[in-house]
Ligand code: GDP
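Encoded as structure tokens, the following chain is the form predicted on its own, with no partner shown.
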């Protein structure tokens, strides 16, 4: 074969046998035969690393090259937490290195809390178990003369709720994966939350002391979710640890510091005070106690701070061991007394001149939040207008489906839509089987994404959170409708859907003549409310005999907008006058479909 016959092919760090066969324009059986000849047993859906794929490609007449991952050159400013923007605005010469802030994510029962406890207790001075007298949701350790701050709030729901409020307290995420269990649904979900936040990931492969540990399998599974081990020429550090045996903890600390050095984590101790609320509670003896993570500047007792909508003068301040302190610098977790209300986890805090200024700031913040919610949230219906206005060039999706067999064609079809046009980038932040949960909605709220569901339901907590956060959830039972709606949204052709919502019921107790509408009904509201701007269905013996508009709604002699449950009212309809005692009136409104 001449050099001219050799074709170049770009291959990723990890690729499935089926996909490799497609790329090489060969049958999967051909590829499997070459793999077997080289001592590799792999099924059609199994993934192989670049080196293995390169051997197959070479034998089939290709010159393989490793795909280069382009680093993101610029972040959308709206994605950058406010405190990071404050640091970016500081003079470079005033910036000093600060301890990295680390949080742990991962599947339930894979050992996040055990690992946090092991790290904390391995660092107690003199090995004294009672060295930590107060748990405040965050703590610092010393490793070889350098500090590392840990947020003791494991779980991607807590992590993402901070992002949803613009905080994103962590610099580095430790993804905990059990060596005997491997990558599970929550592992994938947690990894997607960290990637969406653009926070570097270090994998802690826990439970390495168990005889059932299978690190090679775990590494292969991690590479399938784009966390390719650095020993496979990837960029993810995977550290074997055992929380129960206290093994590998020093290696994990070294990995954290290595990533931190690469990120150049800095702050200005003399700059504007800015940080994040980790947790807060109302203590019956000490009042509001808030755990704060300072990310820029220096804070001290006597300073007046505002945290979300809470504010107050700091009366006392404690470090993570419960010791009273007077001042604290960047990346320091502290507990403070003195706020007038309990702030939410993830709220930003800053120093302010006076209580008067704090109250004015809270009013301004509330107005900003209202306009921000209206502006930020995107739906398929308004996507085209926002594209035209230049407000966005990206459509972010979270895709949930009933089974894997549905999920794959949906994701592939969405990717094909992106390839057909160059104007809009379509990013699938998370894809998984199962019903839509609070966690999905939280990720969508934090990332300004739309949740797409196929043959699944959204559970009630997810629906409540979606309504509160203004997140759009769209449910489908036909795949081509789902794909069609996305295509229409990109072209500006998607019409909003309207739905009816029943708001109240009333029973006719009596009828009486009125001059304008001939006959009105005297009613008692049984449930909800009757609204003047709503529509009415008249039901007799469970059958609808009229459906139309309200002409008049009165309480006594007064015209009113609404009458609530338990009260009596007079109702007249524009085109119906044949009321009878016992008729049921059903009031409903027609609204644009929110999900």
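Residue numbers count along the first chain shown, from 1. Here the structure is a predicted model, which means the values were calculated and not measured.
Not pictured, yet referred to below: the form predicted in complex with ligand GDP.
- Backbone and C-beta atoms of the displayed form are kept clear of ligand GDP by more than 2.4 Å after its pose in the predicted bound form is superimposed, which defines the site as open.
- Only one listed stretch (101 to 109, 407 to 415, 323 to 331, 482 to 490) carries heavy atoms within 4.5 Å of ligand GDP in the predicted bound form, and that stretch is 101 to 109.
- Interface residue among 207, 219, 311, 430 relative to ligand GDP in the predicted bound form, by the heavy atom within 4.5 Å criterion: 207.
- The single contact residue among 348, 398, 243, 335, judged by any heavy atom lying within 4.5 Å of ligand GDP in the predicted bound form, is 243.
- Among heavy atoms of residue 113, some come within 4.5 Å of ligand GDP in the predicted bound form.
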